[in-house]
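We begin with a single chain expressed as structure tokens, specifically the form predicted on its own.
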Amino acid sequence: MEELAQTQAMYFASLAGGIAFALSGFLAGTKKKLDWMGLFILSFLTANGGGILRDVLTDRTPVILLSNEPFLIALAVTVAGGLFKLQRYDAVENQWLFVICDAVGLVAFAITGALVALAINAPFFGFVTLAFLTAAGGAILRDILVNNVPEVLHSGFYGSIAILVAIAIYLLNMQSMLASASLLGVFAGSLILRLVAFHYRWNLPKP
């Protein structure tokens, strides 16, 4: 029952994050004046790109080939974005509801990536790579497609959160302390750190 509750919690967290990521793809596309097909593709890749990269690297069948849900989420976000004319509101990405959903998704996807690394007995760098790509891979693809410098290269406490999640889960596993309670602690701590970093606009030092 505990494992089922954990799985369901991660699913809903990933769902919230997927919606937020799809919306960020939609907004990035409107700023570049893409057509409706372009907006859908960008929303879809932003929400699912990280998971696709993770699954390809670990020789797993990508989720997008096993369920219609990823397509439906991207389609719903694109249609809703057009109906509510969200492209008119430049500050949507800075609203707390969006930021919270985005942070939830970032942490949930990072944990998912780290758990996949655990399942394939990956070394330390494997944990970091899969957590980072799962959490930030979609945003990287989004920025490359619209010819922007990827956000993770200049936003210090975004990709860093995924790396910290990977380190925490790796160390917990080494100490045989990885359980539902400790995963919840990693999730809560990482989420709080991301929100605090956003609020105070923390960034890593630049040369």
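We number the residues from 1 along the sequence you see. Every value quoted in this text rests on a predicted model; they were computed, and no experiment measured them.
Absent from the display: the form predicted together with a further copy of the same chain. The rest refers to it.
S.K.: I'd like to check something about residue 175: if you look in the predicted complex, is any of its heavy atoms closer than or equal to 4.5 Å to a heavy atom of a further copy of the same chain?
M.R.: No - in the predicted complex, heavy atoms of residue 175 and a further copy of the same chain never come within 4.5 Å of each other.
S.K.: Using heavy atoms and a 4.5 Å limit, would one call residue 66 a contact residue for a further copy of the same chain in the predicted complex?
M.R.: Yes - in the predicted complex, heavy atoms of residue 66 and a further copy of the same chain come within 4.5 Å of each other.
S.K.: Answer yes if any heavy atom of residue 39 is within 4.5 Å of a heavy atom of a further copy of the same chain in the predicted complex; otherwise answer no.
M.R.: Flag for residue 39 set to yes.
S.K.: State yes or no: in the predicted complex, is some non-hydrogen atom of residue 72 no more than 4.5 angstroms from a non-hydrogen atom of a further copy of the same chain?
M.R.: Although a further copy of the same chain is absent here, residue 72 would touch it in the predicted complex, with heavy atoms inside 4.5 Å.
S.K.: Only counting heavy atoms and a 4.5 Å limit, does any residue of 33 to 63 reach a further copy of the same chain in the predicted complex, and if so which ones?
M.R.: Contacts from 33 to 63: 33, 34, 35, 36, 37, 38, 39, 40, 41, 52, 56, 57, 58, 59, 60, 61, 62.
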